[in-house]
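Quick setup: one chain, the form predicted on its own, written in structure tokens, and binding and motion questions come after.
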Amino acid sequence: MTNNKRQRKKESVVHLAVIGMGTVGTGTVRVLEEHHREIESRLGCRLELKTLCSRSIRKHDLSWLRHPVEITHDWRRVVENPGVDIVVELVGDVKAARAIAQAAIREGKHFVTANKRLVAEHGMELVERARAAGVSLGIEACVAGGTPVIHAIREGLAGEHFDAVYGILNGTTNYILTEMERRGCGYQEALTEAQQKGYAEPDPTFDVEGFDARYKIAILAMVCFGQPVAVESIPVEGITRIETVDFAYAHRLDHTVRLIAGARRRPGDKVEIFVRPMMVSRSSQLAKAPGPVNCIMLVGSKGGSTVLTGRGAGGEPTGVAVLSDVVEIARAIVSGSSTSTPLGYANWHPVKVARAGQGETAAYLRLVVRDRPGILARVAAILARHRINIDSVLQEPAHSKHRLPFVLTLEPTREKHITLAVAEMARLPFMAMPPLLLPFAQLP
């Protein structure tokens, strides 16, 4: 469809195609079917599902659809169909998603995706292609599922200058950590339960090692700061080393443990960006997000902190975000206007990623040792050599002398100094396992 034809499209029907009928694809179609009257009332025209595409489409029971639709296993037929106005890509695989995106935009189709990796790695490319082709690009579902964080940044807070963004961006890890805290169970037990409830994949590595959150914070950095960040430059640490005892110590400090993804401005037009488990004050909104809920804190220089909380995963919550993009684009089609820039900025400037360990932080250091005289003296001597002061020493009772945990809280100092000291401690002969270092989150 040419740009002029698209702008003149005043008729009462906008045609939609969905590629990918997994959890999110099915959830998106179900939301559209169940809420079609409300969606069309908001839109002012009919939004009609024209085509469904999946490699296994013949195996799907589609008897619940209101009207018959075209079905195909070949996505090329979808993007080349002149009757399709908006292509929704929900296939998961980033190589296939990029090919679909490029082809759809080339054919003059508006394009919506929930693929966080596609946007984090190729977002700027897609924006430029869409701009050149005169089509719209929707990415709301890429971060925090049904929580409209990208729209809030791009539209509701467009006049703000963001100093930082922090978030609990992965529902799987938040469920595991909050269950360990609530019930006092171990990591493996909480993970198994998350898998049984469908919150965690059979292979949970992508979530529990922090990789999912890394893609999402890369997107949020782009939208907040107008600075694209290479995903592989973001340091990442998962939650697999967190133990039940860490919550006992954290509570004594009026804190808890959460996997935090963060990006914040640093002097010299730099951005510090990370994903790691941290000690979070129990009074913080980020500490209060339960189970699989996502929570994002936007820190502005004028309006202060804005916190958005909601379900961050699941077919139907994510489907709501997908359809919010579809409705926005459909409204623009009908009015002959254009939608906003999907990543929030018309122009980009290169980012310098601040080197890890440059800032000062207070820290929680958990050591597990084979008990013997003189342990604390040797540990304190190492810290002293690296100019690190101990704030407190904590030890929970009733643990085995062969695997005895105790905790040091450290006064604020350069994290690179702490890292060097911890590496030296790890070589001590009485260490039963490597030390665990958790910074105290510096949140508003």
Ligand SMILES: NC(=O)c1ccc[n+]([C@@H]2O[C@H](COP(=O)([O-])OP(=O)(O)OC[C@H]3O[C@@H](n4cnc5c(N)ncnc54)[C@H](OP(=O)(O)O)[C@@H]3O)[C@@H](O)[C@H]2O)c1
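From a predicted model like this one, the values you see are computed outputs, not experimental measurements. Note that residue numbering begins at 1 and tracks the sequence as displayed.
Not pictured, yet referred to below: the form predicted in complex with this ligand.
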field: Interface segment, criterion being heavy atoms within 4.5 Å of this ligand in the predicted bound form, picked from 298-306, 83-91, 251-259, 268-276
entry: 83-91
query: Closest heavy atom of V422 to this ligand in the predicted bound form, within 4.5 Å or not?
result: no
query: Does this ligand come within 4.5 Å of any heavy atom of S56 in the predicted bound form?
result: yes
Contact flag, Y364 vs this ligand in the predicted bound form, heavy atom cut 4.5 Å: no
- prompt: Do I71 and this ligand come within 4.5 Å of each other in the predicted bound form, heavy atoms counted?
  reply: no
task: Report yes if all three of G123, H161 and Q227 come within 4.5 Å of this ligand in the predicted bound form by some heavy atom, otherwise no.
output: no
task: State the residue from A200, V353, A313, V127 whose non-hydrogen atoms include one within 4.5 Å of this ligand in the predicted bound form.
output: A313
query: With this ligand left out of view, which of V135, L323, A114, M222 would have a heavy atom within 4.5 Å of it in the predicted bound form?
result: A114
task: Let me know which residues along 20-36 have a heavy atom within 4.5 Å of this ligand in the predicted bound form, or say none if there are none.
output: G20, M21, G22, T23, V24, G25
